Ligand code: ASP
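Presented below, as structure tokens, is a lone chain in the form predicted alone.
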């Protein structure tokens, strides 16, 4: 007889774990150890489900790298006891957390599924139950060889399973809160869950032990190019003494203003050894600095192409790579490599 899968639910905070107080009408977190009472559908799976609740709970707007370090350490400590992990997380920074964990969990061979909801799980029209039930089913699913179906860090929301480091939040008031414009869905939940096997990352070896990389260097700033941007703003961000790297969010395929003062500051920052990464502001598409003169000028000034990486993933990738090495040239080289399916190559 096939052994039942086991899944660890990790409740970190967020809307999904709230319930309306019948007295004052306010939203308050409920005891997640009683999750089967709130979502009895989970009891119909042949899956062993345990629950771990962060104490204190974390509003996703307050998420910091120390939280990611605690989360990957928890997963590592429980890794051999479970077949998959479902992380219940607030939506505001979910894409940042999923991106970070994709780089921090090395040799991952089991699913780590982030999910949450736009409405509390105790509200009649909640999306939380469907998101949670499907996430557990995916985390427990195995293929014909007994291996996990989706051995990577993902986000499940509104019937779609997305690669975590390809995802971004696109809506604050629709159930379809997340999209992955640059990469197809890994699975879609309908009457059955249909897996897009060609899109799913598989480990080089199913027997390699999990490693966690908790060293993070957070000296990263983000500069969003916009009409009317001033030399003072650009200089403060690009040349700041406490900044080691800057993500430059550019127009279209990687374009920015061509004014001499701007390119001079970019060149100055590059000469100081700063890591400068070009990421498009567009929801989909890729940076191509060979296409237009402004892009070529940025490239000449020392800016590295982020191709089609999301801002969330670029931030997480920089934190990770800079935490591994103090060599900025090594970091620049690795930025162009597809490490965890975060860019198209």
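Positions refer to the first chain, counted from 1. Everything numeric in this text was worked out from a predicted model, so none of it was measured.
What comes next is about the form predicted in complex with this ligand, which does not appear here.
*Asks:* Hey, of 138-146, 200-208, 84-92, 215-223, which bit sits against this ligand in the predicted complex at 4.5 Å between non-hydrogen atoms?
*Replies:* Correct option: 84-92.
*Asks:* Please check if residue 167 has a heavy atom lying within 4.5 Å of any heavy atom of this ligand in the predicted complex.
*Replies:* Looking in the predicted complex, residue contacts with this ligand do not include residue 167, since no heavy atom lies within 4.5 Å.
*Asks:* So, residue 50 and this ligand: in the predicted complex, are they within 4.5 Å at any heavy atom pair?
*Replies:* Looking in the predicted complex, residue contacts with this ligand do not include residue 50, since no heavy atom lies within 4.5 Å.
*Asks:* Can you tell me if residue 18 lies within 4.5 angstroms of this ligand in the predicted complex, counting non-hydrogen atoms only?
*Replies:* Contact check for residue 18: yes, within 4.5 Å of this ligand in the predicted complex.
*Asks:* Is residue 34 close enough to touch this ligand in the predicted complex, meaning at least one heavy atom pair within 4.5 Å?
*Replies:* Contact check for residue 34: no, nothing within 4.5 Å of this ligand in the predicted complex.
*Asks:* So which of 26, 284, 66, 61 reaches within 4.5 angstroms of this ligand in the predicted complex, heavy atom to heavy atom?
*Replies:* Only one listed residue qualifies here, and that residue is 61.
*Asks:* Pick from 255, 180, 134, 118: which has a non-hydrogen atom within 4.5 Å of this ligand in the predicted complex?
*Replies:* When this ligand is considered in the predicted complex, the option within 4.5 Å is 118.
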